[in-house]
Ligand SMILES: Cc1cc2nc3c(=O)[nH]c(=O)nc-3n(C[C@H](O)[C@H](O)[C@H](O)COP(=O)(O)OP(=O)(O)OC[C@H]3O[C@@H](n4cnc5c(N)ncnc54)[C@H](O)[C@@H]3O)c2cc1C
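First, one chain by itself: the form predicted on its own, in structure tokens.
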């Protein structure tokens, strides 16, 4: 009986953590008191005696069939980037927001708008990390949101902050996260015994485009070898054919060949088949060739209602996404899906 009770946690450790494919999404942290997230890693602190296996149900890398979300596609034309109602380019009208943002400031604008209008009460974001790795944090106002603006390119454990907020009784939450984190939320809805109740606390899901994320500790060690000094203000990977990784600190900017950090890509990321966060309400990325704008994929009625309201009320300006940009996005998404499938098949064979 004891073996059965401990099997859920044991399987997660054996299938994910010990296999090196944990991507540090934080889904199990805070859900189970015996998983903790510290400085870029998820670790088990003690054995769990729960028989619900919630950690296993929620993990996007555990391949738990009972909570496997089906990607809903109504026609072949939506297959590359998942279900959507529209794909456009947009940016914040507020220049102050754009100055803080990675690119066009759409995510920050939507969050601030939603908070000020009462559509959400708080948002789970990723902080800047400071001395430790980036981690999940709860933003409740404009200042909180802008402190978290920008991309990290490493695991963040953000879902741990969501679990903590739900456990504390918070509702009308927004989760901003990567495709793996959006999958965990989709699994949450199907999780037993309390997945539906937990999911009901989440009012909005904003997904971020992601090709891969690097191991935080590995990146930190790499930057030290390159004499990168001062607090990092921004990371960036310009669109092809640049093939460089940029690091902007208080002391200036340095660029490195992208090949120098590819070996730091998390093993679990190579299994991912979703580039555009297909299970979100709204997905946001860059516009290649125009870094002042965001590509926005509007997926659900909830996402469309919020986005259109923000446009009507002057928070966002929009434009048509060039056809070549949409085609390239579809191609990049197809390529990631193909790579993920191939890696998964090779892993099963090996």
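In this text, all values refer to a predicted model and were calculated from it rather than measured experimentally. Residue numbers count along the first chain shown, from 1.
Beyond the structure shown, there is the form predicted in complex with the ligand, which is absent from this document and is the topic of what follows.
Proximity to the ligand in the predicted complex, defined as a heavy atom within 4.5 Å, holds among 218, 150, 195, 129 only for 150.
For the candidate set 279, 191, 165, 125, a heavy atom within 4.5 Å of the ligand in the predicted complex is found for exactly one residue, namely 125. Of the candidate stretches 280-288, 26-34, 301-309, 58-66, only 280-288 contains residues with a heavy atom within 4.5 Å of the ligand in the predicted complex. Using a 4.5 angstroms limit between non-hydrogen atoms, residue 213 touches the ligand in the predicted complex. Using a 4.5 angstroms threshold between heavy atoms, residue 202 stays clear of the ligand in the predicted complex.
At a distance threshold of 4.5 angstroms between non-hydrogen atoms, residue 111 is in contact with the ligand in the predicted complex. Not displayed here, the ligand is kept clear of residue 82 by more than 4.5 Å at the level of heavy atoms in the predicted complex.
Residues in 214-237 all lack a heavy atom within 4.5 Å of the ligand in the predicted complex.
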